[in-house]
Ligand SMILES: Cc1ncc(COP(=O)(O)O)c(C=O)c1O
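Just one chain is shown here, as structure tokens, and it is the form predicted on its own.
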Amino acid sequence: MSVRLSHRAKAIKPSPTLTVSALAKSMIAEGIDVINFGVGEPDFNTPENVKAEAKKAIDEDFTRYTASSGIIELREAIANKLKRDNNLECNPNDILVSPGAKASIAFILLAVCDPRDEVIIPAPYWVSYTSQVEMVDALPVLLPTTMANDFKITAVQLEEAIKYLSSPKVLILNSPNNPTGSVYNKQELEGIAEVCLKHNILIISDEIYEKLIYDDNEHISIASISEEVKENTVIINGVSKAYAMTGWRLGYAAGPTDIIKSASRIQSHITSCVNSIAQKAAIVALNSCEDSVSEMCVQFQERRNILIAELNNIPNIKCIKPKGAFYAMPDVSYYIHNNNKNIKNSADLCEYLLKEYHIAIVPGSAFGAPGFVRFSYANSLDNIKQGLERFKRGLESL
């Protein structure tokens, strides 16, 4: 007997970033020296005091189910973090702890979206946004941005786009941004928030990279603009990026009571709760690891500076300096349109560079930016320098 797959399963494509990473790892396993710029996680270890707390939790047999929305101590730590870092008053009951920020977004979308509701997503975008929207039978609406405006949408652009939509429900805003590293300033956020309030559009503000920010730039949570905006915003965050805890799988959503309660009910039927050990560890991360974050930021900024300078020294390559996160997105369109290797798009280019020059980068098409590629500088300086040399030689070979 053959069971037919659902339309959701057929429509969802594998994560391009994980696909590149898997291929790079398989080549490495075969003994090939691959430099991997595809992975989206810090190359630092989880802080020692966080690991110690996890071991303590195991020794104390804290290994059973917790409340679906997370243990109260963790939700209080998150509320304190929001007050300390973002000047936001948040009741711990209005916080949902999920198995990763990715899951937090999915559960919020399940809680608020009906079939054919429209979810507005600025492009370039993180690869999972569109797939998650499609999984809840809503419709992703992409708003293109350009390098000229630092890959950011404007309030005017958002207002104009809404005119042509029949059921706009949500705007997903990601600042600092993956894949571009762009950061919205307060004035830009105020304009976007005003449009969303006017049209009753919920803001899902993905702030997972908020602590990885450089130079004199500042992260501002859009929810901090006003109390009215806060009541129209769900903040998404977690411990993966700032505290080098990607594998611990712990993220959270904070927002209006009815939305968080609904998302928590949905989560209770899908995952029951987040790993109990990870929850205990996350409390320590949120309360006492800022020195580790600062040290990591210093190294990321040094790597960024070298990567961007060298990319912009390559003929016909242009790349803006990211303000946050740990990604760079150079424009490689010249080489897509001018080569003798039958390369027709960024995916072809990345495949060629991986197979022939053993450098793994992610095609911009995965992020809605077909003329670009994404580098992660969560990598050693030595790897960055060697990888750039391979990148340059690969382009010269075209």
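Bear in mind the structure is a predicted one, so any value in this text is a computation, not a measurement. Don't overthink the numbering: it's just position in the shown sequence, from 1.
Missing here is the form predicted in complex with the ligand; even so, the following discussion is about that form.
Screening K241, R304, K230, R75 for any heavy atom within 4.5 Å of the ligand in the predicted bound form leaves a single hit, K241. Taking F151, Y184, Y129, F300 one by one, only a single residue has any non-hydrogen atom within 4.5 Å of the ligand in the predicted bound form, and it is Y129. The closest non-hydrogen atom of T180 lies beyond 4.5 Å of the ligand in the predicted bound form. The ligand in the predicted bound form is approached by N174, whose closest heavy atom lies within 4.5 angstroms of it. Although the partner is absent here, K323 sits far enough away that none of its heavy atoms falls within 4.5 Å of the ligand in the predicted bound form. Although the partner is absent here, K280 sits far enough away that none of its heavy atoms falls within 4.5 Å of the ligand in the predicted bound form.
Proximity to the ligand in the predicted bound form, taken as heavy atoms within 4.5 Å, picks out 205-213 from the listed stretches 267-275, 160-168, 205-213, 280-288.
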